[in-house]
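The form predicted alone is given below as one chain in structure tokens.
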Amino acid sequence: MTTLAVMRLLSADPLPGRSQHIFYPQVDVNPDSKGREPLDVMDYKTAFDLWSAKRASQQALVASYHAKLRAPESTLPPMMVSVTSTTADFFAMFAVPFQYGRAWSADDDAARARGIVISSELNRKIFGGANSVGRSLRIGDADLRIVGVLAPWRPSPLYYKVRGGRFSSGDTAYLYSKVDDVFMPFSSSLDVSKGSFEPFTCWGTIATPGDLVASPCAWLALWVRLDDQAAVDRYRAFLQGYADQQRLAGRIKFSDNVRLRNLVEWLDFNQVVPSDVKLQTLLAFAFLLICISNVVGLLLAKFMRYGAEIGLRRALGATRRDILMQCLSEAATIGALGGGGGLVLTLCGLALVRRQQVEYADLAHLDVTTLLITMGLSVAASLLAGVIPAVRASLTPTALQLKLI
């Protein structure tokens, strides 16, 4: 049940009730792709063109990098922080919670404003958890004013950064890392951290090192919100039309190679659940089958040992159905008691998982659903194991059982 609980936590919908409306467009911008699967991100012009067209109800550009941060109002030394460079719709589209302040606006994006949002963990580290809205932090050589502080937020996985998971050979635990420390307007990031972005891949030489805007590189992601199927169909047609237009312009070679997956489909495509967790779950269920086989043998021996008692009950008028129900009731009781013991072992197992040095360790906990599954599976497994012994005990001839008295 420990592995099942971890599996459920890592494979659950990270944005329930909203994920079906969040989509991840892809256009094959790589001239060397030969029409295979498009790259996981796009080049600047393609992503910016699609974003600025405003064909979805909400849209956000997303790129991530690391930067050196200094807090002038703190005695803390400079530190490296993770930065998500995005646009104003990001927070509303992903329902990001705020503890203090607010997100920046679309006007701030256009004005290349120097307002940032920081995580609750960074706010606690630098400002002790106090309201830091209006204070300044320095990234690079730029002073940036805090306009918002996130409430504790732990998406699992960190879906807005998922890309390239299918190339990781199952080693995808990094996709469950903690939320980024700083969120900065994309336009401001181009000014403040121009040389900090890293390409996903390139199909040509970068003319100016660190300048990915005009480079033949894919590095920028686009997320859109589409509220119904009609909006999805319209956006898919828009995406295809844009690719066809760029093919005629000679910039895109494989215009038919576009994709539009929703959030859950994108996570499945990237195989976000680590392969070791999948393997542990399979081994756990294989071990469960072995346990059920052993319980079948033990219950068979138990019920046959009470053959004389069963024969006496049959002689006094008990039906085969009564005997069958008695045996199954005993099996269910054993299952319930085993479930209680398994629950204690599950809690111990989850405590050990939380001590591991993996990104998702702090996510391991026992929720109500897993608790009910634990008890239900234990009783169901016991009943399954008790069926054969119970049927055999109830079908044994009464005369043969009475000879045992």
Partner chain sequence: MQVRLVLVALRKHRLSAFLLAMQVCLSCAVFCNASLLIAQRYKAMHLNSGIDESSLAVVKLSGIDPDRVADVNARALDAIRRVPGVTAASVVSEVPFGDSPARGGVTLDAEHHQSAGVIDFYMGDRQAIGSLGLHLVAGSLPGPDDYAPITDFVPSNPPVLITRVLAEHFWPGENPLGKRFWGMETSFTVVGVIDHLSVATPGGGEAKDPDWSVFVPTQPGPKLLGTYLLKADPARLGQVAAEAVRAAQAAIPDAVVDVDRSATLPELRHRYFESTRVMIGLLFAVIVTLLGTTALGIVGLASFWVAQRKRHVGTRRALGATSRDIFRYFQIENALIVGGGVLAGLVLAYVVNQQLMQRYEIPRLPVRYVGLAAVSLLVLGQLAVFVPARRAAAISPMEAVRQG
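Residue numbers count along the first chain shown, from 1. For clarity, every value in this text was computed on a predicted model and none was experimentally measured.
If you look for the form predicted in complex with the partner chain, you will not find it shown, but the lines that follow are about it.
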Which listed residue (Ala110, Leu283, Ala237, Ala95) meets the criterion of a heavy atom within 4.5 Å of the partner chain in the predicted bound form?
Leu283
Considering Met79, Ala130, Val264, Ala318, which brings a non-hydrogen atom within 4.5 Å of the partner chain in the predicted bound form?
Met79
Using a 4.5 Å heavy atom cut-off, state whether Lys278 contacts the partner chain in the predicted bound form.
yes
With a 4.5 Å heavy atom cut-off, would you call Ile388 a contact of the partner chain in the predicted bound form?
yes
Determine whether any heavy atom of Arg392 comes within 4.5 Å of a heavy atom of the partner chain in the predicted bound form, and answer yes or no.
yes
With the cut-off set at 4.5 Å between non-hydrogen atoms, does Ser168 touch the partner chain in the predicted bound form?
yes
Since the chain is shown here on its own, which stretch among 97 to 105, 287 to 295, 330 to 338, 245 to 253 would lie within 4.5 Å of the partner chain in the predicted bound form, judged by heavy atoms?
287 to 295
